[in-house]
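One chain comes next, on its own, written as structure tokens: the form predicted alone.
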């Protein structure tokens, strides 16, 4: 209403800017939270660094730091004081869900850091692709890995492979990580390329070497000759693979744009993370005899045990994204080009919000608790791991084979407290032993029946 020619002024408050960490807090984040994730090796674990982090409990301090910073700065996203490039840390479950749901647009998965790392051995992998190429490579992966199916069409053959390799390993009466990993990769090579590739350890050795280089991302020159040799070997095995193998399915569904050799290189890489998860799950069942007893008679519980082990120690602990355009965060703007970091151990081990943060709790994956919180051991959304169901099927087959006729035992002095599990698990130093289970307590093999649980979404793709 106007009075005597005077117009009332309306003041519109400018939106509050997103919080920004001080330079000192940014340095703390880099050293105490992000630093350990990168130091232990995001592409291939460094045993010495894993051992150091386990002894110093550094990762637990990083998780505690992020909880304090959330209390100090709010739910974020928390901008970091980087001089040359915008970066922000995701601190809110709501924001994490949005980031994963809105990938790859506007939040691209092919960040510069990821491109620099994976270019060492899979320069045309789906994780470092964009636009039409990414869409075609994602389609290819989902078709071959049968992303939407709880049980892969090759499940009977895959389970037979798992049972055979597991039987040879279990006959030793115990095994450490190197023996488990070697047996696991014999199964992986046969599953992907057919029985003729089972003993081709040279192929896996080339990949391990290239993955070690990939840990250094920009900082180490690419061994292009070794990469060509490795991808050529993958391509030759792809052409020779029998139809009833994963590579046989890949050959039938491949297009030039799909770059199948690079996608298979990623499967080989990702199956190593699956091996770590399966080995650690066996250790958790050894530490929790009641859970092991339930796993023998309850196949969905086996899968839940694997998922909770991956919650406790995510094999893909950092999710990286890049905003392709300006994005609105509840009235506040992050500019295009901002790099976004998700520290998954913080979300999976948030003691202030998760009562069982540091305890092995497979039941949470069966009673709805896990769905109420953004646990993403296999990422989620359009870039969720396309092999999640396949990995859980294969890992479950190994776990079931081990516990069906044996009690898995931990050596004394592991330092694993069931009430306060450590933030870093040094599986490299662990040896599991086996004790035969009385016949009256043995269960028949039931894996291979329909697995009724579908995963939430390590392999962030």
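Positions refer to the first chain, counted from 1. Remember, predicted model here, so these are calculated numbers, not experimental data.
What comes next is about the form predicted together with ligand HEM, which is not displayed.
A single residue from the set 270, 354, 170, 217 has any heavy atom within 4.5 angstroms of ligand HEM in the predicted bound form; that residue is 270. Comment: ligand HEM is not present in this chain, but in the predicted bound form one of 210, 274, 285, 88 has a heavy atom within 4.5 Å of it, namely 274. Proximity of residue 374 to ligand HEM in the predicted bound form: non-hydrogen atoms within 4.5 Å are absent; the residue sits far from the partner. Contact between residue 379 and ligand HEM in the predicted bound form is found at the 4.5 Å heavy atom cutoff. The closest heavy atom approach of residue 303 to ligand HEM in the predicted bound form falls outside 4.5 Å. Contact annotation for residue 384: at least one heavy atom lies within 4.5 Å of ligand HEM in the predicted bound form. Partner contact region in the predicted bound form: 319 to 327, out of 248 to 256, 79 to 87, 333 to 341, 319 to 327, criterion any non-hydrogen atom within 4.5 Å of ligand HEM.
Taken together, the three residues 46, 56 and 423 all stay farther than 4.5 Å from ligand HEM in the predicted bound form, as judged by their closest heavy atom. Contacts with ligand HEM in the predicted bound form, taken as any heavy atom within 4.5 Å, map within 112 to 138 to 114, 126, 127, 134, 138.
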